Each structure stands twice: as structure tokens, then as C-alpha cells.
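As C-alpha cells, one chain now follows by itself in the form predicted alone.
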Amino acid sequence: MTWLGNVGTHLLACVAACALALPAMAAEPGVTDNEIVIGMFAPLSGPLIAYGIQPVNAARMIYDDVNAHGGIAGRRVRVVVEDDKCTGSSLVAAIKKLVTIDHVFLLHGGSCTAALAAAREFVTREHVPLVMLNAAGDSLVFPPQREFFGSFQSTQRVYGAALAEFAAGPLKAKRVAVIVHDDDYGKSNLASVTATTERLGGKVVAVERIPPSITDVTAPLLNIRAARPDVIISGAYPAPAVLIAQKYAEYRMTATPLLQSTQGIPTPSVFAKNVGDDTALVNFYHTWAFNDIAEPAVHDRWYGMYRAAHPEDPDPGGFMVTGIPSALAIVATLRRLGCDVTRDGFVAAMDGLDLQTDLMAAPLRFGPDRHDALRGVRVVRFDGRTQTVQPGVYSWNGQDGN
């Protein structure tokens, strides 16, 4: 038995019904009587490759499993993959090829919000559904746009609110320092942290905005230390997050908890190795949208499935699972459509998605006024070797940080 469950009788009935209906159906790009073509794209080269290769492989694993069990109403899923390098120009070129040359039915991809934003005009004009792979930026889902569905591992508003609520609750912090990037990610994270902190009776006593390309965080960390916060919340990307943790230890600030948003720690073991100092992680926490750390059976099932599907990659990192939920949502939606697979029908069906999986910390839900899938995450304590999930799921209330 796979995650698909027992679909035999229902599948045969759908295939028979579709066989009768297909001659009368109008042609739709990427849909034939025996296949549905999905265009995938992600960073498969360059410095952010960790966001792409294993998540793409995980998503393809889901599609391959669907095909192994009869497809969707008798149609196999065929995937065409392009490398977007996490740059706007490469991403736009990739999706233009997928739509105009490969004639895909829908787009499934994107690990970098800024690069995805460059494709907004083309996707909107072509009315092609785009389901984000694992991008976590807010700008493409607030306000919701008809063709874009995302935040399958939450948005910066969720990460910021979760860390601020955890700081105010279990850590009993009143004075909060925030270090974020000077981009849309940082703006959303900061707004959510600030609003949640103030709502819970605390105060943001220091704010440092840094460029993603920063190579020296001495001044920001000195400013934060001078503010004497009870907790430090970071929304940094992987490389700056490592610098922050190193300087935080160097300045002997480790009595103050350091809370990191998910995007800065895609693979905890690699993060710890890059930091290279165990003292930097004695009081370190991060957000995580999945149940694979908290529940060993869930971890074993999904990672075992990945290893079986990709024996060439027997040691997947923690970020592998970020490619799974968006693929599950696409499959669930296509199954709801049955025989009549159209782009308009897919968008309408996604707007009604309500999917609970064992993998995610909270349900995946969309609506016409909501295209951010996940609003609840966990907080994990990480000492460089062991990850300890903290009690509870921390949710964004939909208002803080608007």
C-alpha cells in the first residue's frame, strides 16, 4: 500500500468513463487521451542547488508512483524538467520553453521568490496554472493571484509569527532583536515578527536589515548585542545565517536564544558543519513545516520511498521533503477533475483544496481569496547533532504582518 491507498475499483470506473468521454472533449495544452504533461523547474545548478535537485526528485517520485498505480483516470503524468538557476532570466526562459515548445498543461516549480516574480506577467497572460515547488516568499501569494498557488512550506509571515510567538511563550522573551534581509523576504518576516511581538506584549528593540550577499555581519551583531535583547530572530538565507551564528558565538551572545527561519537552514547537518562551532548552537532554534522530525515513522516512510525511487541518492538531506507537498496537492486536484482536465477546471479545483497529510504540520488549504497553502509550522531546537521538536504547532493568524 502506498500513500495513494486502494484506488483499484474507482480507477477502473474512471478509466471506462473517460474512454467514453474523451472523443467529445476539446483539446487542452498538455493533455491527451493517455497523458498529462507537467513542466517542472528549479535550481539544478548554481549556489542554491540544495533548494532544487532533491525537491525535484521528490516531486517526480510522487508522479512516478501515480503512474505505477494506473495514472490519473487512465492518464500517465509526464514531467519535463528545466534548470532555472534561481535567476529571473533563466526562470523566465525555462517556463517560456515549457509552455510554448513543450506545451505543458501546468507549471510546477520555483524555489526562489524573486526569480518567480519575473515570470508573473508571462504566466498571467498565458493563463497557465503555476504551482510553486518550495518557494516561501509572500509577494506571489499576497494578494492572491489566480494562476499562482504556493507556500507549501509556509510564508515568511508564518515563520516570523511562529518564532515571535515561541519567543513570547516558552522562552518568555519581552525584548526581541530581528535581523533580516533588505528584500521582500525580509520585509514580510520583519512585519510579522513585529506585529506578533507587540500583540503579545513585547517590544522589538533592534532591527538589522542586511543584503543577501553580505560577507561580514560584525556591525549588525554588535548593534544587536548593544540592544540587550531576550531573543534574536533571524530571517537570513543559508550563507548569511552561518555568518550570524559564527559571530553570535564569537561575541559570546549564546545565553540569548537565536531563532532562525527555515530558509537559513535547509539541511541542518550541513549548516552545523559550515558554522563549525558547537558553542554557536547551544541555544539555537529553527522553524520547520514538516512532521518528519517529530514522528520517526513518517520520516522512515517518506525517506524510504525516496531512497527506493532514487537509489543513486541514498542520503537525502532534510530539504528533500519540500518537494513533496506541492506534488501531492497537484495529484489530489487532478484526481478531483477526473476525465475533464482543463486549466480553468484545475484552478477552480485548487481553490477548493483541503488536504491533510501525515507529512505536514498543518493542512494544505486554498480558497479564491487565499493562495498560501500552509499556515502552521513547528519549532525545533538544534544543537548541531540532535533535533528536538518543541511542543505545539505555531500558526499565523492571518492578520499580523499584513
Partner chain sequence: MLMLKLLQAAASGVVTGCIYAMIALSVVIIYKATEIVNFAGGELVMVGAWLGLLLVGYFGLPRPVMLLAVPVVLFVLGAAFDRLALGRIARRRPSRRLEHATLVVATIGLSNLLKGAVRGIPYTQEVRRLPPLIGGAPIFVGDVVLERQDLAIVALAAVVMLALWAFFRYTLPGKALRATSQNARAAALVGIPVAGMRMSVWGLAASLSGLAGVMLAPKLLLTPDMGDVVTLAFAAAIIGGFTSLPGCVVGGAILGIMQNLVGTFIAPQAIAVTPFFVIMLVLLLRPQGLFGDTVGVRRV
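Residue numbers count along the first chain shown, from 1. Note that the structure is predicted; figures quoted are calculated from it, not measured.
There is another form of this protein, the form predicted together with the partner chain, and it is not shown here; the text below is about that form.
Checking 146-154, 289-297, 250-258, 169-177 against the partner chain in the model of the complex, the stretch whose residues place heavy atoms within 4.5 Å of it is 250-258. At the 4.5 Å threshold, heavy atoms of D230 stay clear of the partner chain in the model of the complex, well away from it. At least one heavy atom of R209 is located within 4.5 Å of the partner chain in the model of the complex. For P363, no non-hydrogen atom is located within 4.5 Å of the partner chain in the model of the complex, even though that partner is not displayed. For V331, no non-hydrogen atom is located within 4.5 Å of the partner chain in the model of the complex, even though that partner is not displayed. Between the options P129, G202, P238, G74, the residue in contact with the partner chain in the model of the complex by a heavy atom within 4.5 angstroms is P238. Using a 4.5 Å heavy atom cutoff, G46, P266 and V275 all lie near the partner chain in the model of the complex. Within 4.5 angstroms of the partner chain in the model of the complex, the stretch 165-193 places a non-hydrogen atom from D182 alone.
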